[in-house]
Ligand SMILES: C[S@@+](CC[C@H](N)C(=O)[O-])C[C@H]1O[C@@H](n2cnc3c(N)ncnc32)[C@H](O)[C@@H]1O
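Starting off, we have a lone chain in the form predicted alone, written out as structure tokens.
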């Protein structure tokens, strides 16, 4: 029987410790949306710049590159399990760079998903290119796909229009990389900004939805979900990241931080000002997970 590593008092934020492929096989619960930030397989001795300092980009053994066959096999295994845990009208978002995104797109198609968009996240503050031998890396890609080609999915078109100056939202998002205030509980080497995850949650779920992140890391997905009145399950193999995730959840349990974070996230703050967003339902959910 699965025993949660952590479950918040409000029962909207649960963490599991272990390999997502093995854990997902052990229950049959279905999610409304999945966000996955899998290994990019780029930790191979390269260098980058952080806070003005040259640093190694090796993030850990979990991000070490393998053969193309290994990358395909790994992506096929976890995406297949995620597909089994997605509702028929559910969608999945997967982030990546050229190191892994082409493999992921092929596997999604192979497994019967319908790719809806490939969002380009254009970072407004990317790190400089210290080699000066090619263009500066300033984007990441996020594939959005639905489980079934024939079953309609959730897309909050009007909400996206409202946060885009009353214009249709495009598939290019000009959003900053992670801000310092988002690291108040500690650092994760691949932490995504709340601005990106909040937009994803707003675009493709309704209040009360269940969201899964199989590579949860610092659980930005879960923090965004809870700030927006959604429920969350995160899985990670590294205990240090689960501790970080737990502390981040505890941080927003303080109403002052909860309110402050919503004000700092541009999309949420705009909807709040227009009185178009509410999280009244956040503490009224029944708990549905089988553990």
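Being a predicted model, the structure only gives us computed values, none of them experimental. Residue numbers count along the first chain shown, from 1.
The same protein also exists as the form predicted together with the named molecule; that form is not shown, yet it is the one meant from here on.
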>> My question is simply whether residue 190 lines the interface with the named molecule in the model of the complex - judged by any non-hydrogen atom within 4.5 Å.
In response: yes
> Is residue 10 one of the residues lying within 4.5 Å of the named molecule in the model of the complex, judged by heavy atom distances?
Replying inline: no
> Applying a 4.5 Å heavy atom distance criterion, does residue 96 contact the named molecule in the model of the complex?
Replying inline: no
>> How about residue 20 - does it come within 4.5 Å of the named molecule in the model of the complex, if we only consider non-hydrogen atoms?
In response: yes
> Exactly one stretch in 112-120, 165-173, 126-134, 214-222 has heavy atoms within 4.5 Å of the named molecule in the model of the complex; which is it?
Replying inline: 214-222
>> Going by heavy atom distances of 4.5 angstroms or less, which of 252, 228, 235, 34 would be at the interface with the named molecule in the model of the complex?
In response: 235
>> Can you work out which of 74, 155, 102, 141 has a heavy atom no more than 4.5 Å from the named molecule in the model of the complex?
In response: 74
